[in-house]
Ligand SMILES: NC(=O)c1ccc[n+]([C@@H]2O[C@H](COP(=O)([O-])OP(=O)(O)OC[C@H]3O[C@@H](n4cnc5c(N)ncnc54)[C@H](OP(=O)(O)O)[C@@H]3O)[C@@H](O)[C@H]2O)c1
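One chain comes next, on its own, written out as structure tokens in the form predicted on its own.
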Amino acid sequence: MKTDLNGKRIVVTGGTGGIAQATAQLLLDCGAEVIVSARTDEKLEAALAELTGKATGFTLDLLDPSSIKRFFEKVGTFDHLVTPASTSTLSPIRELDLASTRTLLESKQWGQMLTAHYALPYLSETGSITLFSGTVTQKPLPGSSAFAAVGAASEAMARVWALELAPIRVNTVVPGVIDTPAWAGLTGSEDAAKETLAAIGGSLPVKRAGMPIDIAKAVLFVIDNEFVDGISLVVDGGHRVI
């Protein structure tokens, strides 16, 4: 049975990313009105051009609290918040890239916290917040200490907020290795990304890397199921068990 989200307004931050875009489109396909964000007008226009359905958007800089506040003032009242937007970096602690690591910490952990803070005056009490982490919180990956730290913080925040904000539901989706454009930046090239994803995917019990739609379906589940609250939903193709 198809989930019916007609009449629901859902904010998805970072509409230009692979996971954010797939999530926004799936929610649109289920009848929701979706409001996406991007850091620039150009990126926002490009993101909206890829979406079909009742999609709108505004610019949003997760490193700027005043930008986040203005974003939600423009959005107005809505039903669900989804926060997949983030940057990515891999760096061993001995070779730590201070600038990119600081950006990751501020955009993902602090950015998600500020996003929830400024969203709350407009968020329905029958609605939900979906944060994002990553399976490096459970499956160690060399070079991922910063991402593991912010992911673990997101999962912990969600459990606290599930109590603080009740009856608003708060959950965290925990993606595994997902085939998105971010991997080209992490590995240095598109060819290297393909090789890395194929190698990791082949080692998983499901024999493939994840796709953005796999995560979008998880987001839809935690939004739609009103008895799911305070969980970290791992969607990693069995990566954590090998």
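The first residue of the shown sequence is 1; numbering continues from there. Remember, predicted model here, so these are calculated numbers, not experimental data.
The same protein also has a form predicted in complex with the ligand, omitted here; what follows describes it.
Novice: Sort through 129 to 137, 69 to 77, 93 to 101, 164 to 172 and report the only stretch with a non-hydrogen atom within 4.5 Å of the ligand in the predicted bound form.
Specialist: Result of the contact check: 129 to 137.
Novice: Would you kindly say which of 158, 123, 146, 85 lies with a heavy atom within 4.5 Å of the ligand in the predicted bound form?
Specialist: Spelling it out, the residue with a heavy atom inside the cut-off is 85.
Novice: Just give me the single entry in 43, 194, 208, 217 that has a non-hydrogen atom within 4.5 angstroms of the ligand in the predicted bound form.
Specialist: Contact check passes for 43.
Novice: Do residue 188 and the ligand come within 4.5 Å of each other in the predicted bound form, heavy atoms counted?
Specialist: No.
Novice: Is residue 61 a contact residue for the ligand in the predicted bound form, using a 4.5 Å heavy atom cut-off?
Specialist: The answer is yes: residue 61 has a heavy atom within 4.5 Å of the ligand.
Novice: Contact with the ligand in the predicted bound form for residue 16, defined as at least one heavy atom pair within 4.5 Å: yes or no?
Specialist: Yes, contact at 4.5 Å.
Novice: With heavy atoms only and a cut-off of 4.5 Å, decide whether residue 27 touches the ligand in the predicted bound form.
Specialist: The answer is no: residue 27 has no heavy atom within 4.5 Å of the ligand.
Novice: Mind listing which residues of 160 to 190 have a heavy atom within 4.5 Å of the ligand in the predicted bound form?
Specialist: Going through 160 to 190 in order - heavy atoms within 4.5 Å of the ligand in the predicted bound form - the hits are 175, 176, 177, 178, 180, 181, 182, 183.
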